[in-house]
Each structure stands twice: as C-alpha cells, then as structure tokens.
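Shown next as structure tokens: one chain only, the form predicted on its own.
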Amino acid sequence: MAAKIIANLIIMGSGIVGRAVLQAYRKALENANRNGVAHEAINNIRRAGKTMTEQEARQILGISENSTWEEIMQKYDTLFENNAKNGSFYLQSKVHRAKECLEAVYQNKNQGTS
C-alpha cells in the first residue's frame, strides 16, 4: 500500500516538474526572441560559415600586404608540406583556404590593372 502511494507521488511530481520545465523553456524562447538574442545567435552562426578575410589569410601565411604572388606561393608550399609531413590536417586546410582567398584577391587585382 505504501509503495503504491509513493509511486503515485513520484508520477505526479514528475508530471508537475515536466510541465514547469516546459513552461520555463517556452518563456526563455519568448524572451530570447523579444530581446533579439536568438537573431544575434543566428547571425553569429552565419558569419562563422563565411570565407576567411584577406587579413586572416595573410596572418595564416605570415605575409605582408606588399607580398608578391610568388612569395605567397613559396610560403604556401612550405607551410603545406610541413603540415603534410608532421602537422595537422586542420592547419593544412587553413593554409590551403588562405591561399584560395588570396588567389581570388590577386586575380581581381590583376584583372583591375589589365
């Protein structure tokens, strides 16, 4: 008999707690939408998915704004090979993305001067 009462109390208590959690979650979503926090989080996610900037690419390759394309390729080859042998795939992909970014920049510069 006592076990039955305890079981009923546990079931009723878990139902009450479940409803309270659901209500708190809904209120948190409502507040986030009202304050713009949800939109800011979505914008941050979108920004993270974009390509790297020219400045970031130059920092990764360790070159200045005055570097020639040949200097960039020499630095790229060195860093790419070093990471292929005993580095990480993540760093190697960052080096490759940096070269791709600068390649687009230099192609646009060359088309502008032609």
Partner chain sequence: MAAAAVGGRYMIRTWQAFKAHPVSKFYQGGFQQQMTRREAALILGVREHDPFHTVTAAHRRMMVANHPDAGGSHYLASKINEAKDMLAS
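It should be emphasised that the depicted structure is a prediction, and the values quoted were computed from it without experimental measurement. Positions refer to the first chain, counted from 1.
Heads up, the form predicted together with the partner chain isn't pictured, but that's what we're talking about next.
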>> Given that the partner chain is not shown alongside this chain, does M52 nevertheless sit within 4.5 Å of it in the model of the complex, heavy atom to heavy atom?
In response: yes
> Would F80 show up as a contact with the partner chain in the model of the complex if we use heavy atoms at 4.5 Å?
Replying inline: yes
> Is I72 close enough to touch the partner chain in the model of the complex, meaning at least one heavy atom pair within 4.5 Å?
Replying inline: no
>> Quick check on V105: any heavy atom within 4.5 Å of the partner chain in the model of the complex?
In response: no
>> Only counting heavy atoms and a 4.5 Å limit, does any residue of 51-70 reach the partner chain in the model of the complex, and if so which ones?
In response: T51, M52, E56, Q59, I60, L61, G62
